[in-house]
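As a starting point, one isolated chain is supplied in structure tokens, in the form predicted on its own.
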């Protein structure tokens, strides 16, 4: 009985006929495939029109090489997805499994039309085995996804304990599972016939289908052939439905997320695009959806609702209204509604031959779509952007909306009003006289650039380092380290102004640019080339944002300099500082600038110090709560972020919280007080720790006494 179609596949010839038992269905299958592709194409076209309907222009097609690299690393290899082990595993099983199965289907189709000479023998056997393994991999991935979404129900997939499971989520998982299961059933039915009629002996290479075929013992061949045809069409229908469903479901991320990988920002991490024309612009910031760029709107369609942004957001975890995931989804919902109405208005105008009457939005973007409490809760910590597998850019959207509230409506917290007024009058958030900025340095004999401009480094001290009591101790310790190492440096003294970071990230772009331009004018006037900062906020602003206004410098954080001095043997840490120390990663030092190792290497060099890590560290470090201008605002909703971070240090058993940021230093000190741990814990800047371990205070005192 030649059920194999006369192709000679038999006991001595390993192979398989592609359209086995379905010869007459080829034309019908291609017809329905064409319909599915038309539905798919229309859905993409419809979505494309919506993407074009709103948004300002923005160039995201330059430097194709870097963009292709991102597409390969994050899209094809799923590098960011694998940062979370469980989700990475099940997504990887589904993703890579489908890629291999699609590749296998392509080989099948090629074999059918062109009769590939190698599609038999050992190649076919290994091909069958690989298809079995990856088919099961997809099925395993679906099961793991179902367990996570519907059994474990982690909060990152919902919002405040409420699961965000939509019918679409279940449909997608069910479709994938049914495609795989029906594929194995078809294989089992075919093998039942091949083994019992054609005498195939290599069926164990298709082990999943073969084991399933064992359940068909006793089923006659005619019934098996009929069932095979029914299941064949069922499998084909599911596969075509899957293709057609993509543009209308969460499966669209198969297209939009890789596209977002290609469209990534190539600016330095965390850089904010400045407002360029204050004199002629009619509005500032983002008050309406149309004032986002097209890419900022497209972000929302690339979001997969995976919740990784929310999972480590300090605002969300401390009980505040902000969820980065929810914010992006709210923007998406607003965009879909707005784009549909705009396209409908344009279609109506085209029919009537008139100009389209664009309707006003039903909701205001800022204040209704995005609640003001959400907007001002953000610390700009960049956890969301650093850990988003789709490379969505949350922070620039938030700052853009803040700019609208501050510059267009003058609507912001009273604490920020005082902060900005102090910055306007005295170029520092406290309003302390600018003439006092250099007082801390006088007894150390540190000269200003006005006194001696011929130095290698400008030590940009910053507001906290110049005027805050804790900050001045850090500046003193670091300056003494530089002096002991023989480093050539100077300061600006009263000519130094605030870096403007808090103004910029709090939405007051005009004030920020004023501060930045004054600093740049002074620095360029002295011919400054190299700058050291003890504050990561100033460090980041001078390094990444000042170049927009002609301030191009080599900028270093003091931990980079100290680590270099230790490595070169220019300073020696000899005094043991016994105890357990943990290092708190500043967001603007770590996630913004990738400085994780230097601070830790310094602490490991301190004799007697045992370094331990807090639960959240490196790129997943938990914010202190002071970034994004939150340093100057009251925290009156939910738990205090700095207290939560202090709890992690207590949990780690640390006696010292080492930091590299004046904001973090203050917030950790406050957290220690709030938790009543002043007697057993302290927060210290790394410069203070290093200076103590250098143990030069006693030597200096002895030398002075001898001279007297």
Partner chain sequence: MNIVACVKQVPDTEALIKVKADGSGIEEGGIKWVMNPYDEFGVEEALKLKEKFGGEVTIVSVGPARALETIRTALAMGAEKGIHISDPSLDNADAYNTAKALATAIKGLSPDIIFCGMRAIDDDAGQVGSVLAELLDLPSVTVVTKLEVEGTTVKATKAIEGAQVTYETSLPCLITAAKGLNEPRYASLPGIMKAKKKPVDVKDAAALGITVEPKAKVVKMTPPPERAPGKKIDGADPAEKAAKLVKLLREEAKVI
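The structure presented is a predicted model; accordingly, all values stated were derived computationally and were not measured. Positions refer to the first chain, counted from 1.
Same protein, other form: the form predicted together with its partner chain, not shown, and the subject of what follows.
A.B. asks: To verify the annotation, which of these, 351, 435, 214, 160, has a non-hydrogen atom within 4.5 Å of its partner chain in the predicted complex?
C.D. replies: Only one option qualifies, and that one is 435.
A.B. asks: Which listed residue (263, 289, 407, 303) meets the criterion of a heavy atom within 4.5 Å of its partner chain in the predicted complex?
C.D. replies: Of the candidates 263, 289, 407, 303, 407 is the one lying within 4.5 Å of its partner chain in the predicted complex.
A.B. asks: Would residue 210 sit within 4.5 Å of its partner chain in the predicted complex, counting heavy atoms only?
C.D. replies: No, residue 210 sits far enough from its partner chain in the predicted complex that none of its heavy atoms falls within 4.5 Å.
A.B. asks: When the contact criterion is heavy atoms within 4.5 Å, does residue 122 count as touching its partner chain in the predicted complex?
C.D. replies: Taking the distances in the predicted complex, the answer for residue 122 is no, it never comes within 4.5 Å of its partner chain.
A.B. asks: So in the predicted complex, does any heavy atom of residue 618 sit within 4.5 Å of its partner chain?
C.D. replies: No, no contact at 4.5 Å.
A.B. asks: Applying a 4.5 Å heavy atom distance criterion, does residue 426 contact its partner chain in the predicted complex?
C.D. replies: Yes, residue 426 lies within 4.5 Å of its partner chain in the predicted complex.
A.B. asks: For the interface check, one of 554 to 562, 276 to 284, 240 to 248, 124 to 132 should have non-hydrogen atoms within 4.5 Å of its partner chain in the predicted complex; which one?
C.D. replies: Stretch 276 to 284 is the one.
A.B. asks: Which residues within 491 to 520 place at least one heavy atom within 4.5 Å of its partner chain in the predicted complex?
C.D. replies: Sequence-ordered list: 508, 510, 511.
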